[in-house]
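One chain is shown next in structure tokens, namely the form predicted on its own.
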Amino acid sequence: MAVLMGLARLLPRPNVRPANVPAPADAQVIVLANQKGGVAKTTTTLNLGVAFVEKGYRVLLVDLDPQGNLTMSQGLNPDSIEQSMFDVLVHRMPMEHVIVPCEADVAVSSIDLAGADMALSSQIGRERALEKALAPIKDRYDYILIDTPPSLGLLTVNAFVAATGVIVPVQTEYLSLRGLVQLENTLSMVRENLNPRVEIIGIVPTMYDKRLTHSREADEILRENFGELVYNTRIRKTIRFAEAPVKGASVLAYDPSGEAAAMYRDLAKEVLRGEKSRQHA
């Protein structure tokens, strides 16, 4: 555990936005979602959030995945965590009790979260548990990024209900593209019944390998079908994404001048430009 605490725990960060950094009108709650696993969703949540922090924004990362990969990626051990997002959602524990200051603030996960769907299923207002938990702390942050499990179950629906927008990381291969239709169908149902403003605000091509024809063609198909929703930044494959979590750090802390960090800084610029355009629309 001492080894895994890593670089991230050695980087104290005040949760204060500098005066020269413009605040969003309201805290933006951005959900990273894709029902397919292995598409760099957690990697994107963490590194995009830390890139926001580098720009001076106050950021909360919410680990809503029972696997706890986001929690582990900041050097924390989900198996030793006593209070987690499970307690927030099911037992209505105040969210500040499960927030740990890391490179960004992290609302931590544990394996208990695997039972949240069943525990919530009999509760009235079960789809709004996360929205209600976030309400008392939203004014402390500029951006809240939520990492969701690889499914479209109740945890992910809770995230969609709380969201101001959804970013979808999509691996550049054909089977990943098909899942976007199912995801949009789920969002349509949430819009009709629970949160009329939730929508996909961006699609991130991930695990891109320009040497592979398959990867290039999948990227082209994504852009042909979704146009300006697809960010220009492609997250390319690099070993740094595997190495950084072992050190309990984002790639921006682990290899700040490397290609992997540069990609997420570029993505952060695109997302922030899009958020400004949406707020002024």
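Numbers follow the displayed sequence, beginning with 1. As the structure is a computational prediction, the values presented were derived from the model and not from experiment.
One more form of this protein exists, namely the form predicted in complex with a small molecule; it is left out here, but the text below deals with it.
- Among I235, L60, L252, V29, the residue placing a heavy atom within 4.5 Å of the small molecule in the model of the complex is I235.
- The contact with the small molecule in the model of the complex, taken as any heavy atom within 4.5 Å, belongs to M207 out of V90, L155, M207, L177.
- Exactly one of the stretches 51-59, 209-217, 223-231, 31-39 approaches the small molecule in the model of the complex with heavy atoms within 4.5 Å, and it is 31-39.
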